[in-house]
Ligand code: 2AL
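Just one chain is shown here, as structure tokens, and it is the form predicted on its own.
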């Protein structure tokens, strides 16, 4: 099977980190195709960045319509339902996947994310995904996303400290990493925290394998049916849904 992982930001080095995390957990025979968005921000750190990322995300899906499944590798799960409308195969967001995985292995989890301004995005997802009973708290470290790739930064130490607070103060039994750029921190954190640490990239690709193995595709009845054919104007005229 072929799983297409889309990094909705435009930073190729982050895509490489995401791809490595995915390939470390997939079964033999599963091909991971990791792509970087060709349109949008270098990092997604707010509502506007998320909104602007969706066109590049749609392009990345439409470039490979026959992939068996897709993963949106940004913790805000930007454009998730729109992506499900245009895709035949299952589309998974890493936040939704990580939260479900955490709920399977602990009665309560905390999300540890990057900037404070993005905390509300994760909190909205907690409510949208029905995870209020499981998520004890969303914690922000105020680390810019691209600082996760800077070896000279104190990002690892800051994330570890916030995870330790989550365990002691929130009484959480698991940690959900709130950024795809944290995908390479799982082993480092688990060795020090002794609790499950869930990276949404890894969780999403394993769920994708399971859904494809079950022969499941995105429903095309109701609100996830293909978009209605109609004209689009201006710079988005080329994105008008085609007749089916």
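Positions refer to the first chain, counted from 1. Not measured: the values here are computed from a predicted model.
What follows is about the form predicted in complex with the ligand, which we do not show.
- Here is the short version: of 92, 98, 166, 145, the single residue with a heavy atom within 4.5 Å of the ligand in the predicted bound form is 145.
- With the partner removed from view, the residue among 30, 43, 36, 218 that has a non-hydrogen atom within 4.5 Å of the ligand in the predicted bound form turns out to be 43.
- The ligand is not shown here, and in the predicted bound form it never comes within 4.5 Å of any heavy atom of residue 110.
- Using a 4.5 angstroms threshold between heavy atoms, residue 57 stays clear of the ligand in the predicted bound form.
- A residue is said to contact a partner when one of its heavy atoms sits within 4.5 Å of a partner heavy atom; residue 141 fails this definition for the ligand in the predicted bound form, lying far away.
- At a distance threshold of 4.5 angstroms between non-hydrogen atoms, residue 204 is out of contact with the ligand in the predicted bound form.
- Contact with the ligand in the predicted bound form, judged as any non-hydrogen atom within 4.5 angstroms, is confined among 112-120, 166-174, 149-157, 129-137 to 112-120.
- Residues from 161-179 that approach the ligand in the predicted bound form with a non-hydrogen atom closer than or equal to 4.5 Å are 178, 179, in the order they occur in the chain.
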